[in-house]
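Shown next are two forms of a single protein chain, provided one at a time as structure tokens under the names structure 1 and structure 2.
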Structure 1
Amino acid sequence: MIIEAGKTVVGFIGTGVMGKSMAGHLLKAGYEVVIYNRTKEKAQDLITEGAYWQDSPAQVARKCQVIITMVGYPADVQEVYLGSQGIIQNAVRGSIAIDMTTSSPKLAQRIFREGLAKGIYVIDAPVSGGDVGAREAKLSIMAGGDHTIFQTVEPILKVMGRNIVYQGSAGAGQHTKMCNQIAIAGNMVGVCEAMAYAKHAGLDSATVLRSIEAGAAGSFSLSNLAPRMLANNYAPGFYVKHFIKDLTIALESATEMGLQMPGLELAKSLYEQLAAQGEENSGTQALFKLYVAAN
């Protein structure tokens, strides 16, 4: 299959905050885009921009050579791919599906195998970069699956991201995303505790950041999320509830591999505590509240 704007029909299932921006870039690049979303209103802008609406994932799957999915939880991925109205049951032989949801590596491997049995090729390609990365087409995309298939769909991925890396066989994209989330989790705990310490010690936290952010303590989270903590800005860049989903997948996956991760376990339990306090729809920087409130 040769993918070409103006010729290839691309399906997009899941046009939420991220998916909407991503599908929008495909439209602007000249692709014919066929969409489905659980809540139709959220797809209205894309329809106005020229996307074709379909009433089910099955209908999208039947009409497209390439189908992209960007849904919520592993359970949604499972239904969209493996359900009776799903992609594997309904896509045309030879078509390619790309799951860009952050989901379970094990599920990605299962979908890959079941797809293969039906002549449908599946790539797992979760992203990082959040809503801003999606809007600016600057997502980092980490892909797993067949290498030739990856190369086939690379032109489409390049429309949505700019750091597109093939990580290996099916599930490798999801595994890489888990590495990303694990590193963030440990760092968020460190950043929150450092900022809580600064506050308790009576320091000027912004001045502390000037001393530490350019050195060995430096990180994306310290430079981008610590200032939001200090400004009491807990608006979601990335939701607490979604981060808990990711950390749960990572921990399950690690446990299956026989790997103990006390740091990840701690971060997950702290975020669960935070969610239990009604913060599941706050941004991940709200973890700071746990330290401010509890002390």
Structure 2
Amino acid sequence: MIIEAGKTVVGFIGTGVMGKSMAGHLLKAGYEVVIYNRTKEKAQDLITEGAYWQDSPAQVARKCQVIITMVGYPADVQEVYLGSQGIIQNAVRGSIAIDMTTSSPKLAQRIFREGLAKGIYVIDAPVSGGDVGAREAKLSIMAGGDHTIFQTVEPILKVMGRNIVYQGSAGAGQHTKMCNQIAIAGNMVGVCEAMAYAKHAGLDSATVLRSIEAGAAGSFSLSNLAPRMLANNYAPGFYVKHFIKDLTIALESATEMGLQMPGLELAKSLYEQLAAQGEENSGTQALFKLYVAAN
């Protein structure tokens, strides 16, 4: 298969906070884009921009050479791929599916095998960069699956991201994303505690941020999410509930490998505490609220 804007029909299933921007970039790049989302109203902007709506994942799969999925949870991934109205049962033989959801490595491996048995090639390619990365087409994309298939779809991935790295066989992309989320989880705790410390030391938090984000402490979370904390802006670039899902997958995978992760366990417990206070639909920077409330 040769990927080419104007000729390749791309399906996109899941047009939420990040998926909407990602599908929009494909439209602007000249691809014919066919979409499905659980709530049609959330896809209306894309329809207005020229995307073609379908009423089910099955309908999308039947019409497209490449199908991208960006849904919520592993259970959603399983249904979209392996359900009776899913991609594996309905896609045309020779199609390529790219799951960009953060999901279970074991599920990615299962979908790869079941897809191959039907002549459908599946890549697991989760992303990092949040809403900002999605809007600016600067996502980091970590891919697992057949290397030749990865090379085939790389032109599409380059429309949505900048740092695109092939990690290995099926599931390797998801394992890499777990490494990413583990690093973020510990960093978010540190960012919140640093901002809380600055406040209680009587410092101007924004001025402190200017100094430390440019030094060894610098990180995406410090530069992009700490300013939101200080502005009491807790709108989701990435939902708390989805972050808890990711941390749960990471801990389950670590347990299977016999690996202890005390820092990850702490971060997960803090986010679960936050969710229990009704913040599951807030952005991950809302973790700062625990520190504000406690002090």
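Note that the rigid core is defined as the largest set of C-alphas that superpose within 1.5 Å between two forms. Just so we're clear, the structure is a prediction, and the values are computed from it rather than from any experiment. Residue numbering: sequential along structure 1, first residue numbered 1.
| request: Just flag whichever of structures 1 and 2 is the form predicted in complex with a further copy of the same chain. | output: The form predicted in complex with a further copy of the same chain is shown as structure 1.
| request: Please indicate which of 116, 137, 179, 59 marks the hinge of the motion between structures 1 and 2, where one rigid part turns against the other. | output: Selected hinge residue from the list: 179.
| task | Give me the angle, in whole degrees, that the smaller rigid part turns through against the larger one between structures 1 and 2. | result | Rotation of the smaller rigid body relative to the larger: 10 degrees.
| By how many angstrom does residue 203 shift at its CA between structures 1 and 2 when the core is held fixed? | Its C-alpha shift, to one decimal, is 5.3 Å.
| said: Could you tell me the distance the CA of residue 229 travels between structures 1 and 2 after a rigid core superposition, in angstrom? | reply: Its C-alpha shift, to one decimal, is 3.6 Å.
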